[in-house]
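Next up: just one chain, as C-alpha coordinates, the form predicted alone.
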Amino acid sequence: MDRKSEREPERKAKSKPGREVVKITGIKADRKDAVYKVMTWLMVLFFTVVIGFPFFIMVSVSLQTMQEIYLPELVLFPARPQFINYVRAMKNGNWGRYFFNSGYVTLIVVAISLFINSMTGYAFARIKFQGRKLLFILLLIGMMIPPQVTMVPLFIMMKSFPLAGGNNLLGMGGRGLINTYAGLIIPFIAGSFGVFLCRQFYLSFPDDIDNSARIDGCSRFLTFTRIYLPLSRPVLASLGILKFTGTWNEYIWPLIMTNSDSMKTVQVALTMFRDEAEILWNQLMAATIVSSLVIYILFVCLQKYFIAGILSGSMKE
(Lines give C-alpha, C1' and ligand atoms only; values in the text may rest on other atoms or scores of the structure.)
Protein backbone atom coordinates (compact mmCIF):
# COMPACT_ATOMS: atom_id res chain seq x y z
CA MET A 1 0.00 0.00 0.00
CA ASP A 2 2.83 2.34 0.79
CA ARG A 3 4.48 1.76 -2.59
CA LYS A 4 1.21 2.41 -4.44
CA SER A 5 0.65 5.59 -2.49
CA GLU A 6 4.17 6.70 -3.37
CA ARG A 7 3.67 6.03 -7.12
CA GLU A 8 0.36 7.85 -7.40
CA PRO A 9 1.84 11.37 -7.02
CA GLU A 10 4.51 10.45 -9.58
CA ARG A 11 1.84 9.36 -12.09
CA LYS A 12 -0.13 12.52 -11.49
CA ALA A 13 2.99 14.61 -11.95
CA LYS A 14 3.81 12.85 -15.18
CA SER A 15 0.25 13.19 -16.55
CA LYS A 16 -0.06 16.94 -15.92
CA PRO A 17 2.38 18.12 -18.66
CA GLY A 18 0.57 16.02 -21.27
CA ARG A 19 -2.78 17.51 -20.36
CA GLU A 20 -1.32 21.00 -20.48
CA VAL A 21 0.06 20.34 -23.99
CA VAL A 22 -3.37 19.15 -25.16
CA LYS A 23 -5.03 22.22 -23.68
CA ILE A 24 -2.48 24.56 -25.30
CA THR A 25 -2.85 22.79 -28.65
CA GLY A 26 -6.64 23.05 -28.42
CA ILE A 27 -6.42 26.77 -27.62
CA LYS A 28 -4.12 27.33 -30.61
CA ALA A 29 -6.48 25.39 -32.88
CA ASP A 30 -9.44 27.45 -31.67
CA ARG A 31 -7.50 30.66 -32.30
CA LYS A 32 -6.61 29.51 -35.82
CA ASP A 33 -10.25 28.69 -36.51
CA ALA A 34 -11.36 32.06 -35.20
CA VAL A 35 -8.75 33.89 -37.30
CA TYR A 36 -9.75 31.85 -40.37
CA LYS A 37 -13.44 32.71 -39.87
CA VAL A 38 -12.69 36.39 -39.40
CA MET A 39 -10.50 36.50 -42.52
CA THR A 40 -13.18 34.65 -44.50
CA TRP A 41 -15.89 37.08 -43.45
CA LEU A 42 -13.64 40.04 -44.24
CA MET A 43 -12.97 38.66 -47.73
CA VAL A 44 -16.68 38.02 -48.28
CA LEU A 45 -17.51 41.53 -47.06
CA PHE A 46 -14.86 43.07 -49.32
CA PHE A 47 -16.04 41.32 -52.47
CA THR A 48 -19.67 42.03 -51.57
CA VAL A 49 -18.91 45.74 -51.40
CA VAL A 50 -16.91 45.65 -54.64
CA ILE A 51 -19.65 43.79 -56.50
CA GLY A 52 -22.58 45.58 -54.87
CA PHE A 53 -21.28 49.15 -55.28
CA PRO A 54 -22.17 49.43 -59.00
CA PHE A 55 -25.72 48.25 -58.20
CA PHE A 56 -25.95 50.88 -55.48
CA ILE A 57 -24.81 53.56 -57.94
CA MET A 58 -27.39 52.35 -60.47
CA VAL A 59 -30.20 52.64 -57.91
CA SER A 60 -28.92 56.04 -56.76
CA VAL A 61 -28.78 57.44 -60.30
CA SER A 62 -32.30 56.17 -61.01
CA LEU A 63 -33.59 58.32 -58.12
CA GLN A 64 -31.69 61.50 -59.00
CA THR A 65 -32.58 64.49 -61.09
CA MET A 66 -30.59 65.31 -64.21
CA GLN A 67 -29.07 68.32 -62.39
CA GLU A 68 -27.70 66.06 -59.64
CA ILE A 69 -26.32 63.61 -62.20
CA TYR A 70 -24.35 66.32 -64.01
CA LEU A 71 -22.83 67.79 -60.83
CA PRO A 72 -18.99 67.72 -60.73
CA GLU A 73 -18.93 65.62 -57.54
CA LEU A 74 -20.41 62.17 -57.16
CA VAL A 75 -23.85 62.16 -55.51
CA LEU A 76 -24.47 58.92 -53.62
CA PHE A 77 -27.73 59.90 -51.92
CA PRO A 78 -30.17 62.15 -53.80
CA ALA A 79 -31.61 65.08 -51.88
CA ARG A 80 -35.16 64.08 -52.80
CA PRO A 81 -35.57 60.59 -54.33
CA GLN A 82 -37.35 60.87 -57.66
CA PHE A 83 -39.47 57.72 -57.85
CA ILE A 84 -41.33 59.41 -60.69
CA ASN A 85 -38.37 58.45 -62.90
CA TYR A 86 -39.61 54.84 -62.94
CA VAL A 87 -43.07 55.95 -64.08
CA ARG A 88 -41.62 58.18 -66.79
CA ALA A 89 -39.29 55.42 -67.97
CA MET A 90 -42.15 52.93 -68.36
CA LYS A 91 -44.23 55.52 -70.23
CA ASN A 92 -41.37 56.24 -72.63
CA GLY A 93 -42.24 53.54 -75.15
CA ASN A 94 -44.48 50.47 -75.37
CA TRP A 95 -42.79 48.54 -72.55
CA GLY A 96 -45.61 46.04 -72.23
CA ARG A 97 -44.87 44.90 -75.78
CA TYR A 98 -41.10 44.89 -75.17
CA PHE A 99 -41.43 42.69 -72.08
CA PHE A 100 -43.78 40.35 -73.96
CA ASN A 101 -41.29 39.98 -76.82
CA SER A 102 -38.37 39.24 -74.49
CA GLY A 103 -40.41 36.86 -72.34
CA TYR A 104 -41.91 35.01 -75.31
CA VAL A 105 -38.58 34.52 -77.06
CA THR A 106 -36.74 33.61 -73.86
CA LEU A 107 -39.27 31.04 -72.61
CA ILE A 108 -39.45 29.23 -75.96
CA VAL A 109 -35.65 29.22 -76.30
CA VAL A 110 -35.22 27.83 -72.76
CA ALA A 111 -37.89 25.13 -73.19
CA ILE A 112 -36.60 23.85 -76.54
CA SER A 113 -32.90 24.16 -75.73
CA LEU A 114 -33.22 22.28 -72.43
CA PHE A 115 -34.77 19.29 -74.19
CA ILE A 116 -32.33 19.32 -77.12
CA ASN A 117 -29.22 19.85 -75.00
CA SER A 118 -30.20 17.23 -72.42
CA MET A 119 -31.04 14.66 -75.08
CA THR A 120 -27.76 15.29 -76.93
CA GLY A 121 -25.79 15.16 -73.68
CA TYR A 122 -27.49 11.86 -72.85
CA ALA A 123 -26.47 10.44 -76.23
CA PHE A 124 -22.83 11.43 -75.75
CA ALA A 125 -22.72 10.12 -72.16
CA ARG A 126 -24.73 6.89 -72.25
CA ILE A 127 -24.76 5.64 -75.85
CA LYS A 128 -21.59 4.18 -77.33
CA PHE A 129 -21.40 4.75 -81.07
CA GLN A 130 -18.63 5.09 -83.61
CA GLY A 131 -17.09 8.55 -83.83
CA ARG A 132 -18.55 9.70 -80.51
CA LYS A 133 -15.31 11.18 -79.19
CA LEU A 134 -14.54 12.94 -82.48
CA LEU A 135 -17.98 14.53 -82.60
CA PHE A 136 -17.66 15.64 -78.99
CA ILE A 137 -14.26 17.23 -79.70
CA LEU A 138 -15.79 19.11 -82.64
CA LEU A 139 -18.58 20.26 -80.33
CA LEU A 140 -16.04 21.57 -77.82
CA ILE A 141 -14.24 23.41 -80.61
CA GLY A 142 -17.52 25.16 -81.31
CA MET A 143 -17.40 26.61 -77.79
CA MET A 144 -14.14 28.37 -78.67
CA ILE A 145 -15.58 30.25 -81.66
CA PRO A 146 -16.87 33.71 -80.63
CA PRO A 147 -20.41 34.54 -81.74
CA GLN A 148 -19.19 37.63 -83.63
CA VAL A 149 -17.51 35.31 -86.15
CA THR A 150 -20.71 33.45 -87.02
CA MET A 151 -23.09 36.42 -86.82
CA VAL A 152 -22.89 37.48 -90.49
CA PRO A 153 -23.24 33.94 -91.93
CA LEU A 154 -26.11 33.32 -89.51
CA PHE A 155 -27.85 36.51 -90.62
CA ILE A 156 -27.53 35.44 -94.26
CA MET A 157 -29.02 32.04 -93.40
CA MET A 158 -31.99 33.66 -91.63
CA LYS A 159 -32.56 36.05 -94.54
CA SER A 160 -32.34 33.25 -97.10
CA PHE A 161 -34.58 30.83 -95.21
CA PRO A 162 -36.67 28.94 -97.83
CA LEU A 163 -40.41 29.59 -98.06
CA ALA A 164 -40.38 32.22 -95.29
CA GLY A 165 -41.06 35.93 -95.53
CA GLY A 166 -41.80 35.81 -99.25
CA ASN A 167 -38.78 33.68 -100.18
CA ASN A 168 -39.03 30.98 -102.81
CA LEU A 169 -37.72 27.44 -102.43
CA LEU A 170 -34.18 28.72 -103.05
CA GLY A 171 -34.45 31.38 -100.33
CA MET A 172 -34.66 34.36 -102.66
CA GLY A 173 -37.16 37.17 -103.26
CA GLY A 174 -38.17 38.03 -99.69
CA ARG A 175 -36.93 38.97 -96.23
CA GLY A 176 -36.86 35.46 -94.80
CA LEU A 177 -37.00 35.33 -91.00
CA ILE A 178 -35.91 38.94 -90.46
CA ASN A 179 -38.14 40.81 -88.01
CA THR A 180 -39.86 37.60 -86.85
CA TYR A 181 -39.94 35.61 -83.63
CA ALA A 182 -38.51 32.58 -85.42
CA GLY A 183 -35.45 34.59 -86.43
CA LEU A 184 -34.85 35.50 -82.78
CA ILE A 185 -35.44 31.97 -81.48
CA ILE A 186 -33.79 29.51 -83.90
CA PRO A 187 -30.11 30.57 -83.39
CA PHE A 188 -30.35 30.06 -79.61
CA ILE A 189 -32.23 26.77 -79.24
CA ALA A 190 -29.02 24.72 -78.98
CA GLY A 191 -25.49 25.30 -77.73
CA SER A 192 -22.22 23.50 -77.13
CA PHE A 193 -22.00 24.48 -73.47
CA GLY A 194 -25.42 23.03 -72.66
CA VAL A 195 -24.53 19.70 -74.29
CA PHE A 196 -21.23 19.60 -72.40
CA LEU A 197 -22.90 20.36 -69.05
CA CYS A 198 -25.59 17.70 -69.52
CA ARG A 199 -23.05 15.11 -70.68
CA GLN A 200 -20.91 15.62 -67.59
CA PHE A 201 -24.00 15.28 -65.41
CA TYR A 202 -25.14 12.02 -67.02
CA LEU A 203 -21.68 10.48 -66.70
CA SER A 204 -22.23 10.24 -62.93
CA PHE A 205 -25.14 7.79 -63.32
CA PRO A 206 -24.35 4.08 -62.79
CA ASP A 207 -24.65 1.60 -65.66
CA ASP A 208 -27.18 -0.44 -63.68
CA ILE A 209 -29.87 2.11 -64.55
CA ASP A 210 -29.46 1.46 -68.27
CA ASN A 211 -29.33 -2.30 -67.75
CA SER A 212 -32.50 -2.28 -65.65
CA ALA A 213 -34.33 -0.14 -68.19
CA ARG A 214 -33.25 -2.44 -71.02
CA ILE A 215 -34.51 -5.50 -69.10
CA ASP A 216 -37.88 -3.78 -68.58
CA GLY A 217 -38.15 -3.28 -72.33
CA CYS A 218 -37.50 0.49 -72.48
CA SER A 219 -35.97 1.94 -75.60
CA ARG A 220 -33.24 4.56 -75.48
CA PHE A 221 -35.75 7.36 -75.84
CA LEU A 222 -38.05 5.98 -73.12
CA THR A 223 -35.06 5.50 -70.83
CA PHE A 224 -34.15 9.14 -71.33
CA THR A 225 -37.65 10.58 -70.91
CA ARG A 226 -38.82 8.36 -68.03
CA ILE A 227 -35.63 7.91 -65.99
CA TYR A 228 -32.91 10.41 -66.83
CA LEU A 229 -35.02 13.47 -67.54
CA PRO A 230 -36.88 13.42 -64.18
CA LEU A 231 -33.53 13.09 -62.38
CA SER A 232 -32.00 16.01 -64.28
CA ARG A 233 -33.57 18.79 -62.24
CA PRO A 234 -30.28 20.27 -60.89
CA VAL A 235 -28.46 20.45 -64.23
CA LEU A 236 -31.56 21.62 -66.12
CA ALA A 237 -32.20 24.34 -63.54
CA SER A 238 -28.64 25.66 -63.78
CA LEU A 239 -28.67 25.44 -67.57
CA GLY A 240 -32.08 27.10 -67.65
CA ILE A 241 -30.84 30.04 -65.59
CA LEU A 242 -27.80 30.49 -67.84
CA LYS A 243 -29.91 30.18 -70.98
CA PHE A 244 -32.59 32.51 -69.65
CA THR A 245 -30.04 35.12 -68.63
CA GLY A 246 -28.14 34.94 -71.92
CA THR A 247 -31.26 35.15 -74.07
CA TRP A 248 -32.92 37.87 -71.98
CA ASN A 249 -29.77 40.02 -72.03
CA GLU A 250 -29.02 39.46 -75.72
CA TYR A 251 -28.61 42.79 -77.51
CA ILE A 252 -26.65 42.47 -80.76
CA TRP A 253 -28.72 39.75 -82.43
CA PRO A 254 -32.17 41.34 -81.78
CA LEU A 255 -30.71 44.67 -82.88
CA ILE A 256 -29.77 43.39 -86.35
CA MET A 257 -32.78 41.08 -86.74
CA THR A 258 -35.58 43.54 -85.84
CA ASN A 259 -36.50 46.74 -87.66
CA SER A 260 -39.87 47.66 -86.13
CA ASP A 261 -40.91 48.97 -82.73
CA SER A 262 -43.38 46.11 -82.21
CA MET A 263 -40.58 43.51 -82.40
CA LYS A 264 -38.10 45.21 -80.07
CA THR A 265 -36.89 43.31 -77.04
CA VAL A 266 -36.16 44.89 -73.67
CA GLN A 267 -32.43 45.30 -74.25
CA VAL A 268 -32.94 46.98 -77.62
CA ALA A 269 -35.64 49.23 -76.15
CA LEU A 270 -33.18 50.59 -73.57
CA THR A 271 -31.46 52.54 -76.35
CA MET A 272 -34.48 54.85 -76.70
CA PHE A 273 -33.28 56.86 -73.70
CA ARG A 274 -30.32 58.08 -75.76
CA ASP A 275 -30.51 60.63 -78.55
CA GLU A 276 -28.14 63.04 -80.26
CA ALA A 277 -28.55 65.69 -77.56
CA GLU A 278 -28.26 63.80 -74.27
CA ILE A 279 -28.79 60.55 -72.42
CA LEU A 280 -31.57 60.35 -69.84
CA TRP A 281 -29.46 58.51 -67.30
CA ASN A 282 -32.04 58.46 -64.52
CA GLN A 283 -34.76 56.92 -66.70
CA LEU A 284 -32.25 54.57 -68.32
CA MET A 285 -31.13 53.25 -64.93
CA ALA A 286 -34.74 52.93 -63.79
CA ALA A 287 -35.68 50.88 -66.86
CA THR A 288 -32.54 48.76 -66.46
CA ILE A 289 -33.43 47.93 -62.86
CA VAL A 290 -36.98 46.97 -63.81
CA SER A 291 -35.79 44.76 -66.67
CA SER A 292 -33.20 43.08 -64.42
CA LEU A 293 -35.67 42.17 -61.67
CA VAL A 294 -36.82 39.14 -63.66
CA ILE A 295 -33.32 37.64 -63.64
CA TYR A 296 -32.74 38.41 -59.95
CA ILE A 297 -35.99 36.74 -58.92
CA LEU A 298 -35.26 33.71 -61.08
CA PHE A 299 -31.79 33.24 -59.62
CA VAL A 300 -32.99 33.61 -56.01
CA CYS A 301 -35.66 30.95 -56.56
CA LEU A 302 -33.35 28.46 -58.32
CA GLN A 303 -29.92 29.18 -56.85
CA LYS A 304 -29.79 25.80 -55.02
CA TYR A 305 -30.23 23.88 -58.28
CA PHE A 306 -27.91 26.29 -60.10
CA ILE A 307 -24.98 25.56 -57.79
CA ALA A 308 -25.66 21.81 -57.85
CA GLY A 309 -25.75 21.75 -61.62
CA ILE A 310 -22.55 23.75 -61.99
CA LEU A 311 -20.71 21.37 -59.63
CA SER A 312 -21.81 18.43 -61.75
CA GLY A 313 -19.60 19.73 -64.56
CA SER A 314 -16.50 18.79 -62.55
CA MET A 315 -17.24 15.06 -62.82
CA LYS A 316 -14.49 13.08 -64.50
CA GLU A 317 -15.01 10.10 -66.76
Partner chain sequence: METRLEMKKVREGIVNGIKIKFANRLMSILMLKKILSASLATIMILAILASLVVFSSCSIISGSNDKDEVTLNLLRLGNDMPEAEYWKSLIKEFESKNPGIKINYDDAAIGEPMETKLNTLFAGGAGPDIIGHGIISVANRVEAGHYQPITDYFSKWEGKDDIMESVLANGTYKGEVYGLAYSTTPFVFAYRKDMFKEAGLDPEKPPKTWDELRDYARLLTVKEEDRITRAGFAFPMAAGNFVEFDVFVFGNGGRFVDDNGMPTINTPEKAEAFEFLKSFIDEVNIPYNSNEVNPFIKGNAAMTLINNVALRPMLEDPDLKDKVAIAVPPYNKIKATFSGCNMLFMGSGCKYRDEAWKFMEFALTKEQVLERSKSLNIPITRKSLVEEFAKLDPYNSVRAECVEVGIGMPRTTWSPRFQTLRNEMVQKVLYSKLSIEEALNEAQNKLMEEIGQ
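No experiment lies behind these values; they were computed from the predicted model shown. Residue numbers count along the first chain shown, from 1.
Note that the form predicted in complex with the partner chain isn't included here; everything after this is about it.
Here is the short version: of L63, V290, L255, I57, the single residue with a heavy atom within 4.5 Å of the partner chain in the predicted bound form is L255. Of the residues given (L170, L138, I84, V152), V152 alone sits with a heavy atom within 4.5 Å of the partner chain in the predicted bound form. The candidate spot formed by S238, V294 and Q303 is out of contact with the partner chain in the predicted bound form: none of the three has a heavy atom within 4.5 Å. Residues within 4.5 angstroms of the partner chain in the predicted bound form, judged by any non-hydrogen atom, belong to 152-160 and to none of the other stretches in 238-246, 125-133, 202-210, 152-160. The shortest heavy atom separation between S192 and the partner chain in the predicted bound form exceeds 4.5 Å. Residue contact with the partner chain in the predicted bound form: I178 places a heavy atom within 4.5 Å of it. Although the partner is absent here, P72 sits close enough that one of its heavy atoms falls within 4.5 Å of the partner chain in the predicted bound form. Put simply, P234 is far from the partner chain in the predicted bound form: not one heavy atom of it is within 4.5 Å.
Contact residues in stretch 252-284 (any heavy atom within 4.5 Å of the partner chain, taken in the predicted bound form) are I252, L255, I256, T258, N259, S260, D261, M263, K264, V268, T271, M272, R274, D275, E276, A277, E278.
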